[in-house]
Every structure is written in C-alpha cells, then in structure tokens.
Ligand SMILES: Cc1ncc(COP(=O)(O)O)c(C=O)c1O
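The chain that follows stands alone, in the form predicted on its own, written as structure tokens.
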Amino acid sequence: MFRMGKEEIEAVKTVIKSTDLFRINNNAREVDHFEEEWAAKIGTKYALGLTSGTAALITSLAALGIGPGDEVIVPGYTFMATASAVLSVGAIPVIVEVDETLTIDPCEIEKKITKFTKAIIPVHLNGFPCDMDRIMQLAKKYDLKIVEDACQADGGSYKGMRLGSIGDIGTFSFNYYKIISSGEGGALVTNDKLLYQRALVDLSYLCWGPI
C-alpha cells in the first residue's frame, strides 16, 4: 500500500490554501484535471469523479436506467457494495458462483439469466481480471449491460485493454487501502456520451434533489 509523502501533502496544502474547496466554479479545476487524466489513463472518452466506488456503482446503474423489478447479476465473492448498489436503485441482485480465479464464473452466468435480467457486474477482484471475452459475448447474446467493478483493480489490464474500459461503464474506488488513494473517492468511466450525461444528471439529483 502506498503511503502519503511530501508530494501528496503539498498538493493538499495547495488546495486548502486556495480556500476554494467546492468543485463548481473552482479556479484550480483539480477534479476536472483528474477526470481528464483518468479517462486518458483508462482509455475512455469520459470520466466522472465521485465520492466512492459505491457511489460509482449506484450512479452507473441509475444512468443505465436500472430500477425496480430489474435483475442484475453479481458474483458471490465481492465487497458488499456490489450487491448493495443494486438494491440502492431498487433492483434485485442475483448471486452467481465464482470460479478458481475467485471472479465470476461465465459458465454459471448464463444459468441465472431471466427475462428480467438487465445487467451483469463482473468484479475484477484483488487485481485479477474476469473473463471479459465470454462475459461480453453473453451480454451481446442476451442484450445485457455491463458495469465493470474495477474497485480493486485500478489500472489493471485485460488483453491490452484497461479494466473498466471494456463494458458499458467501469467503476473505481480510491480509498486508503486501494491502489490509488484520495482519502476516500471513486470514479466511473464510459465511452458513451449519453450514459455520461445521465450519470451527471443522476449525480446532480442525488446532491441537489429535483430541479
């Protein structure tokens, strides 16, 4: 795990000294710069900074229009946020077994798909990638959305592609015990402009309520 050093202390000091701590109309544009750099690193067109990986998962599902009555397939071995995010948008998490890699077993996914299934959340656990080729094939076959949970695999790759850039939306977590730390934070990435715009609207609604 990385520890805080002089560079991190100076960066935080600069922000605090500016007394400009709110993201909107922030002259330093620290969050904007991070989103631009993170999108470039992952290889997507858009990135949205959030408060946590959990927030990234919830916002992603909401942007996809997933809600009450919908089913979302999640692995049986993961952090609880993967399933609780599904519950947070009113949908139903459907648990699927993992294989010897400790990531979701593609062979078991197809057995759990029903007419109510709307998405799959493959979790790249402990830095190990899921079998995204087979998962994307299932998504195409059954017209399902993919939200990659890369909260424990920031910067990891699968066959030359950054984890989080393969599905419809990728999610990340940046807390003290993760690969990258912002104290506590998260992000989502996507190549879909509409999903990015929906995520922004969902985030605004969560922060400010209906306009």
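On a predicted model such as this, the values are computed, not experimentally measured, just so you know. Start at 1 and count along the sequence shown; that's the residue number.
Omitted here: the form predicted together with the named molecule. The next part is about that form.
- Only one of 53-61, 158-166, 31-39, 138-146 places residue heavy atoms within 4.5 angstroms of the named molecule in the predicted bound form, namely 53-61.
- Within this chain, Gly43 is remote from the site of the named molecule in the predicted bound form, having no heavy atom within 4.5 Å.
- Although the partner is absent here, Thr103 sits far enough away that none of its heavy atoms falls within 4.5 Å of the named molecule in the predicted bound form.
- Although the partner is absent here, Ile109 is not a contact residue: none of its heavy atoms lies within 4.5 angstroms of the named molecule in the predicted bound form.
- Using a 4.5 angstroms threshold between heavy atoms, Ser181 stays clear of the named molecule in the predicted bound form.
- In the predicted bound form, the named molecule lies within 4.5 angstroms of at least one heavy atom of each of the following residues of 57-93: Leu57, Thr78, Phe79, Ala81, Thr82, in sequence order.
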